[in-house]
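A lone chain, given as structure tokens: the form predicted alone.
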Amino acid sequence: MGSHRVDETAAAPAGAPMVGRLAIIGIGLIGSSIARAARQHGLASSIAIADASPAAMAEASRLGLGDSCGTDAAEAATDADLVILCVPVGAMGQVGAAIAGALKPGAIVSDVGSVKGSVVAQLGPHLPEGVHLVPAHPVAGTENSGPGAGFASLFHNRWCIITPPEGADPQAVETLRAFWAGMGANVETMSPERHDLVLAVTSHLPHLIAYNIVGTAADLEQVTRSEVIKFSAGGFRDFTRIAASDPTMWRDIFLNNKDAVLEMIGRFNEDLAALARAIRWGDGDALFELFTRTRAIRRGIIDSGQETAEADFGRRHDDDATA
């Protein structure tokens, strides 16, 4: 990841910043990447960072991620024009209550959570009149976490979904859209409910499957743990990458997008049963048709620029260095 940080402290481009004071609450992978990208692109006059972990704050301060760093979320949010909550979905209400009294009229409060309906429900009651709630979800990340894991190009050519609740201020929505676009993201707008259904399919269910498959392999008594690790082929290896994601974050995602995830699990179980029947009865045509359709989806993802077509998912091999 070190190569991503080259020149991230370079001078900001000329022109007026998009927002005055940017407050980032939570300084893990996404929060630290926002801080780096906002700094690199000159999107904010100043950046205030807060995290409940003194260790995370010490690292953020050492890395120079903010103009101020502390453990008090309300202090960071004071006089902020844009506040982005980069905390687990389950903590949104608690943090919203903590910063409510510090928010100035006209401030925009956003987030980066993978669930949106729950975020609106948790934050809405705490925000004072005149403060604009505009949730968002950058569909980007790695399996790494912590202030040192971020990099400024994380959002480049990745999607960020903005999910304004009904009646949201259009100018606040446009400011947030421009902010994410300024960090290189492609921006889409949809309702919180639509977002949660779409992400249940594209993100939440795949993560649940990955966690389950890796757990199943770990529990097999007939296969040793060392054999699972030693002979991991590409499929299992890539499942372990997904399953290495932050456990607190994903616990909260599943609990806060319960209805949509359970709906997708039901659909998945039906399709899996049909696939099991095809294997049991030797229905090669059904298997070939399914694999052909799914291969086309993979090609569409590559064509849209959301993945690499390089062999082995773009992983660097030892012999690449001498090529």
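Throughout, we count residues from 1 along the sequence that is shown. Note that the coordinates shown come from a computational prediction; the quantities given were computed from them, not determined experimentally.
The discussion below concerns the form predicted together with a small molecule, not included here.
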**Report entry** in the predicted complex, the one of G182, P206, P88, P192 near the small molecule [non-hydrogen atom within 4.5 angstroms]
**Finding:** P88
Report task. Name the residue from I162, V112, L82, A200 that puts a heavy atom within 4.5 Å of the small molecule in the predicted complex. Result -> V112
Query raised in the report: Is there a heavy atom of I99 lying 4.5 Å or less from a heavy atom of the small molecule in the predicted complex?
Result: no
Query raised in the report: Does at least one non-hydrogen atom of D246 fall within 4.5 angstroms of the small molecule in the predicted complex?
Result: yes
Query raised in the report: Hey, in the predicted complex, does G66 get a heavy atom within 4.5 angstroms of the small molecule?
Result: no
Query raised in the report: Can any non-hydrogen atom of I25 be found within 4.5 angstroms of the small molecule in the predicted complex?
Result: yes
Query raised in the report: Looking at 58 to 66, 288 to 296, 45 to 53, 265 to 273, which lies within 4.5 angstroms of the small molecule in the predicted complex, counting heavy atoms?
Result: 45 to 53
